[in-house]
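Only one chain is shown below, in structure tokens, and it's the form predicted alone.
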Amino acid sequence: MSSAYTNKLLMIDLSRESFETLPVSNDLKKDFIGGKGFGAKLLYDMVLPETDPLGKDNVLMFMTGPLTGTMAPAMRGCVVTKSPLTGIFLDSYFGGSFAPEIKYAGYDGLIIKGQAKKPVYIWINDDTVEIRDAWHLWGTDTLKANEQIKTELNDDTIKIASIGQAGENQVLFALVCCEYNRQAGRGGAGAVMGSKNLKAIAIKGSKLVSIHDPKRFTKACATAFKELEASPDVEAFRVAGTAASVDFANETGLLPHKNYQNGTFSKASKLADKGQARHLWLGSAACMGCPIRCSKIGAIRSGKYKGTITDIIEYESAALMGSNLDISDIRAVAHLTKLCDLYGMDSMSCGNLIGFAMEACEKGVIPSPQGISLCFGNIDAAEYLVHAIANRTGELGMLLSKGVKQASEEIGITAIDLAVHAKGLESPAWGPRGVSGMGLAYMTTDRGGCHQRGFTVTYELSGEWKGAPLDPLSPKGKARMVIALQNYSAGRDTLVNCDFGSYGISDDTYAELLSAATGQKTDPATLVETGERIWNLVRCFNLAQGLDPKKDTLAPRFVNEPLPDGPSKGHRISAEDMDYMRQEYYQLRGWDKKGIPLDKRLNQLRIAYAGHHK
């Protein structure tokens, strides 16, 4: 029977310099669908408790979804591994064209294990797999490595995932740069790649992706494209990408300023879409097969950084490298973000860390590096730290390369109060003190501080969830909403679809696309149930890896310090608020009061075998 699955995974052992193909079982497809689901199940089965994330026994996976490489719009890929930054589950998503090429080469995903003795890159050309020397590439940035490999293989159509110097140096929030300049950014997958002495993966495929019912699938795709075109939200993304969120977050008091001390920034508009259009943008750009075209192409056209090629500065980078550091020059923010991209380093975590260091220095908790005035608003100081962290140079660069949780703990108790993270992953650029449900989402996310596992902001600020009134500042009624959004996002991450696609494409259409492409009978409820299954399995994995449920909490800043500005001025998420939301969340999840999934719920979800890892 034809299906969009290739029914094969490619596993490469760098220690043995060998490879093999693994079959994709019907049970895996039925219970986990693809993408995040495949990654979660395989990681759970393959990575034992106490595995060193930077050791040879950790695995690094590049997973596709069943719709990847088809004509279905807005599909992506994901990287799954055990995070060296948090010590728990990590999935990180990327657009571009690298994931489709995996399918064209004949695989539903790549699994990398072991550790090469010296720097290498992997060259996959359909069924041919080579492990090649990469000494000459070691020390190059992400885009230079991409260019050199294509020159060496004499083919500029090859798709490449690479790391930069940050990954080589095992900066704990190093990223993987995927073709072309799309990042699997969060949680340190690039450090895992560097620990394996793996500089890059180059891949080229010539195979077609089969479809179970082509006529039905074509019709479903047409419906999906029409829904995208009819969506005003999608049109807004097309015009301004996520940059427009800077003004929105500022107006609602959710924009981080000076290491999240404040929720507004008087110069925010300079970082938003109009400021970017004036100084950077030249045209629109899209990932492969995506009609949304939310990205931009451009260059810095004036000032100190004139001539630097850039694309859109996404909201998270604009906020964390901009307002969070009290920097309003979008050209400087573009420059700092580009440096992070070239080094292969998460600009979200990096901006968070630099803000932490600036506040710590201003408050006398740490000294300023010699010759550097480490204070908010100092662009040169921010650039100094980007270089120092990526290269792990100097005492402060070495310290910050470990992430804000570990850095603050090594400095001492005063610094811990300044560190903004959840479970070790630096918090994103949506301050939760004005939206308590977002705080619960941060507390309970499966990979640590993340806004993509249940983005409650728009519902809370509208004052309504599924027809029921919703007070954004109250802890009441938030757990049910957060759980529903988490299950929904995890289910769709099995496809692996772009978040923006769901602003237009309906749940029924996603289910129809999957059914027509694979022959698996699917409806929206199936995706949600699969998401819940994944969420519980990942919770079991995280507990097995040593997660203390007491870490289902927020940073001290959000708990102890009332918001000093914006519409929610004076509000904080108290310890009592957190406990109320947490216990309601655990109960509705079918977990015990300590946050451990109960066997009854695991059995209902057909993951009772998770017990041996608890």
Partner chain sequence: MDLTGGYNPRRARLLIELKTENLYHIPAVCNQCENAYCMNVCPSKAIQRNDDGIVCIDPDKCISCGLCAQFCPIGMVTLDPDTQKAVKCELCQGEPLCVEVCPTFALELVYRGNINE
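All values derive from a computational prediction rather than experimental measurement. Numbering follows the first chain given and starts at 1.
One more form of this protein exists, namely the form predicted in complex with the partner chain; it is left out here, but the text below deals with it.
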Item checked: the partner chain in the model of the complex: contacted by all of F455, S502 and E512, heavy atom 4.5 Å -> no
Notebook entry, point to check: Okay, which stretch from 359-367, 436-444, 278-286, 473-481 lines the partner chain in the model of the complex, with non-hydrogen atoms inside 4.5 Å?
Noted result: 278-286
Item checked: Candidate from S568, T553, T70, Q545 lying within 4.5 Å of the partner chain in the model of the complex - any heavy atom -> T70
Notebook entry, point to check: Which one, E101, D273, E168, E460, lies within 4.5 Å of the partner chain in the model of the complex by heavy atoms?
Noted result: E101
Item checked: is_contact(L485, the partner chain) in the model of the complex, heavy atom dist at most 4.5 Å -> no
Margin query: Just checking whether F217 would be counted as a contact of the partner chain in the model of the complex - the rule being heavy atoms within 4.5 angstroms.
Written below: yes
Item checked: Residue contact check: W135 to the partner chain in the model of the complex, 4.5 Å heavy atom -> no
Margin query: So, S269 and the partner chain: in the model of the complex, are they within 4.5 Å at any heavy atom pair?
Written below: no
Check: Of 323-348, which residues get within 4.5 Å of the partner chain in the model of the complex if you count heavy atoms?
Finding: K338
